[in-house]
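Shown next as structure tokens: one chain only, the form predicted on its own.
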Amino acid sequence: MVEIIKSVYQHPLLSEEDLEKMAASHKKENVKKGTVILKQEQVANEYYILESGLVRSYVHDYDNNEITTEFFAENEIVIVPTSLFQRIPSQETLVAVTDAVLWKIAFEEFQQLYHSIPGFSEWGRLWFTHQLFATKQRSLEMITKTATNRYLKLMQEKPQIMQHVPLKQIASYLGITDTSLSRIRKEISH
């Protein structure tokens, strides 16, 4: 069985047999740096587990600037939930920041497993709850934490981003200008 599947889908109700069935529904995909995984306006028909590499999601603001909305790192689920579950065109674009290894599961297969494996649906509820809390926390931190503190938290949680992602994309994720990020980095290194 694929170990990454086991490590991501952790729930006490999931048996070894359940996990094997779930692993069989995921297909391995190797993508090159710069590969667009999901385009804006496209309906997501699958989601991915990221085994290695980095993936970024972004939108265009009212001035058509690219604004990074998320960085996905190893052992995370790469997904645009609104598009996948509401079956609507994505507002976001997903792109590989580095070469990446992904495990893809189609929406139909996910649905079939979700409705036939009780532990998987329980895992899904917990995962969505966690995502909701994380999203709320991020929106609060954008208001209540300084740019320096947001940067330090990102460095702590996903240090690989600093090695592979252009400063402009990191700055847009943090809600600051490139100049501000350069100043913050300079202050921290002294």
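If you're wondering where the values come from, they're calculated on a predicted model, not measured in any experiment. Numbering starts at 1 and follows the sequence shown.
Quick note: we don't show the form predicted together with a further copy of the same chain, though the next part is all about it.
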- Query: Is every one of Leu50, Val101 and Gln169 within 4.5 Å of a further copy of the same chain in the model of the complex, counting heavy atoms?
  - Reply: no
- Query: Of Asn30, Asn45, Gln160, Gln137, which residue is found within 4.5 angstroms of a further copy of the same chain in the model of the complex when only non-hydrogen atoms are counted?
  - Reply: Gln137
- Message: Within 4.5 Å, heavy atoms only: does Ile67 come near a further copy of the same chain in the model of the complex?
- Response: yes
- Do Phe85 and a further copy of the same chain share at least one heavy atom pair within 4.5 Å in the model of the complex? yes
- Query: Would Val59 show up as a contact with a further copy of the same chain in the model of the complex if we use heavy atoms at 4.5 Å?
  - Reply: yes
- Using heavy atoms and a 4.5 Å limit, would one call Gln91 a contact residue for a further copy of the same chain in the model of the complex? yes
- Select from 96-126 the residues with a non-hydrogen atom within 4.5 Å of a further copy of the same chain in the model of the complex and write them out in sequence order. Tyr114, Arg125
